[in-house]
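Before any questions on how it binds or moves, here is one chain, the form predicted on its own, in structure tokens.
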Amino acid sequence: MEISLSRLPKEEQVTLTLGSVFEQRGYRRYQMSNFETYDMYLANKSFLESEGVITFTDASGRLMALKPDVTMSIVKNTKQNDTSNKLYYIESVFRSVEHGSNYREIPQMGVEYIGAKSAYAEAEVAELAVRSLEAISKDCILNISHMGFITGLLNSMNIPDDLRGDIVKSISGKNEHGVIAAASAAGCTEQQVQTLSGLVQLSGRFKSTLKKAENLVENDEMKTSLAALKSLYLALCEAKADDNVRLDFSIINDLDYYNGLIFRGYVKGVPHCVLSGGRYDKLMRRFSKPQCAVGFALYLDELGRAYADKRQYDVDTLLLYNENALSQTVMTAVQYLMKTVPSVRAETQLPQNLRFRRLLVLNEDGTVTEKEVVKC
């Protein structure tokens, strides 16, 4: 019997489709425990998307936590000698919302490429990010940036590390006034302030935005970053995954954890980012792991809210049968109907509030009679 994906909730459609896509590219399913020791998250709180972590003490007296992040656990469990490990996961994380006053379970699906040294490895993960968005909606955008371009620009201005936080936060929030204030407070010249504030609007079609960014190059770090972005774009074009790709230099992740390629994905109908990722070699180093790594997470909870079930009917065909009817007779009727209609529900009486398109009755002689057509 062939199962129709269209009848499943959107998040389940996506996980089934993408699981096959990821495995086709050599990624294997990673499954983890719901718990990790709290000290790991405490030492890396700034990497987490929310500060609130649900903790408890286990039987041995250790302080444990419900996992607020999957990537960190994968990094922790990566072996020092793993030269290449391509993983995907379907997991739930537990995070605080509303400033820590409430917690909720957030289903995610993601890809982690441990040992991703080459430019192709980045291109492959970026392509899979595009495919992930397309599995949700063809009306999607993957915004791409490069941490090396941002850090290179900040380095060229000799801005101290302890003064970069407010500048980076304002750029990421597309807060031009905030950038101007933070850059001025850091002692930047008028020209430097103007350049930094311009990053807020430095986004758009890949080729034209890349050309604008080339006019800002001040050092080899920035030049190398733009060359990497150009190479990435050409690879995505080769995979015919470039139509919905844009450059956006306001995308910045934590400077202590991320380097190189970073990106965020959006789909029509969802007001927030549904996918985020990038290269996180610095996180690997914090766990004393020598490998490079790149990956992304897809937030399935956003899909459940945006693509709520809007079907007109709960079931296409409702078949009513007498409770004394032979099970073989009912089964024969159901199997026959399944060949011609999308879905069948067999009941001895009419269920309350059930929406159906067609009502059939199974007669004593095994024939089926159509009684009425229900219009919603």
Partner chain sequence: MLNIALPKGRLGDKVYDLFSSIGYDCAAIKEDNRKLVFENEKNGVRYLLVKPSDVAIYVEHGAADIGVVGKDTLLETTPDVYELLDLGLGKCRLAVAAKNGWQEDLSLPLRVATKYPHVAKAYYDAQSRQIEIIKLNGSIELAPILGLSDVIVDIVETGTTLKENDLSVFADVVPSSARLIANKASYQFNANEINTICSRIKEKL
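Quantities reported herein were computed from a predicted structural model and do not represent experimental measurements. Numbering follows the first chain given and starts at 1.
Although it is not shown, the form predicted in complex with the partner chain is what the next lines describe.
Contact with the partner chain in the model of the complex, judged by any heavy atom within 4.5 Å, is made by just one of G173, P290, G165, P160: G173. A single residue from the set H272, K76, R285, K211 has any heavy atom within 4.5 angstroms of the partner chain in the model of the complex; that residue is H272. The closest heavy atom approach of S225 to the partner chain in the model of the complex falls outside 4.5 Å. Taking the partner from the other structure, the partner chain in the model of the complex has a heavy atom within 4.5 Å of a heavy atom of Q201. When contacts are judged by a 4.5 Å heavy atom cut-off, L216 does not count as touching the partner chain in the model of the complex. In the model of the complex, no heavy atom of E190 sits within 4.5 Å of the partner chain. Of the candidate stretches 137 to 145, 115 to 123, 152 to 160, 84 to 92, only 137 to 145 has residues whose heavy atoms lie within 4.5 Å of the partner chain in the model of the complex. Looking at 320 to 340, no residue comes within 4.5 Å of the partner chain in the model of the complex, counting any heavy atom.
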